[in-house]
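Take a look at this one chain, the form predicted alone, written out in structure tokens.
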């Protein structure tokens, strides 16, 4: 990929962060957990007991699998509803306005947090335990930092660059389906489509894009799951500790990988990032945050999209059969899967100044929770929104990939991977059926399947 060719001049070597004493690690971990998960979990649990809709959404286990009824309660309460976390909306129009407005940002002002919380945030700050929802990740920074980071990586996700990956995606899908057939032939019962196909495809593709070893596939999956977990608020301690171990392993790998590429750069995106010269050079923390986000987000969305699509299509067999007879419909089917059961269910923005939204005054600093999964079922935009329909004419109006300046960089790649994968799966195994009970991932922000048992027919 010539557009990603690394600079061959000697790169600027970022200054590493000071080493942390191992004796401080447990205390730092405790501080991080307390302010990011422990205290929020108690606060949200108390709110849920009072009937607060966002508190219930984030704390009640049953709503992980079936959130759509609660979304309709939010919608019925109004376009912009008070909640334990500020304001919440299920409206497509309001969600889109917030996402596209420069009056709202992804960051939040820490200068007003209580003194002890501020101290814990500073004391617990550590590169090797940081996740994709922490600064300076593109997910949580606004302009000008976001503009700078996005400019550096956006050329790797242009339509032309993405299209060039199609032969590799097709080849990888075919190889994984060969392995799936072998696994099914040797199994006494169903095989797990997530483990044997849906997870493998996007991992191998993003590894190629980023120039990381494809033989670390299992590691990437584990690390991606760890990073994904930290997008949620209020993790149980055991889950958080497992996630932190995964994050530390991922950062250790990245540190070694960056050093290899500084010695021997290739024609990939990460080689270009580590070789940026002079004032363009990223700090070590910026480099870790950017590549971790690209690696994790590069397959998390697609894994969830593929699993959600297969389950929806299996429940609407006539539509799946119609797609097999007319493959030109797959692009629309992918958009409908993104709308109907969105891989990312919610996000948030903070008012940067006093603004008016949905006829209400929203003071500066107010957090607005945007229920993407609910906005994508807004009856004001989508007719009969709870119906899955791969021929829906306006399915692409969904907000599954966000909107505005934070629109998902890899949206085109995820769409291409899903279209190729689902078509190949259908052509290879036309009688594939979900066999047994799929298991959802224990997450609220991301929605997908941990296990998806299927029989190949």
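Source: prediction; values computed, not measured. Residue numbers count along the first chain shown, from 1.
Although it is not shown, the form predicted together with a small molecule is what the next lines describe.
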From the candidate stretches 312-320, 186-194, 224-232, 293-301, select the single one in contact with the small molecule in the predicted complex, where contact means a heavy atom within 4.5 Å.
293-301
Are all three residues 146, 305 and 408 in contact with the small molecule in the predicted complex, where contact means a non-hydrogen atom within 4.5 Å?
yes
Hey, in the predicted complex, does residue 400 get a heavy atom within 4.5 angstroms of the small molecule?
yes
Can you tell me if residue 352 lies within 4.5 angstroms of the small molecule in the predicted complex, counting non-hydrogen atoms only?
no
Since only the chain is shown here, I'm wondering whether residue 91 would be in contact with the small molecule in the predicted complex (any heavy atom pair within 4.5 Å).
no
Just checking whether residue 362 would be counted as a contact of the small molecule in the predicted complex - the rule being heavy atoms within 4.5 angstroms.
no
Listed residue that, although the small molecule is not shown, lies within 4.5 Å of it in the predicted complex (heavy atoms), from 99, 84, 212, 177
99
Selected contact from 257, 150, 251, 245, since only one has a non-hydrogen atom within 4.5 angstroms of the small molecule in the predicted complex
150
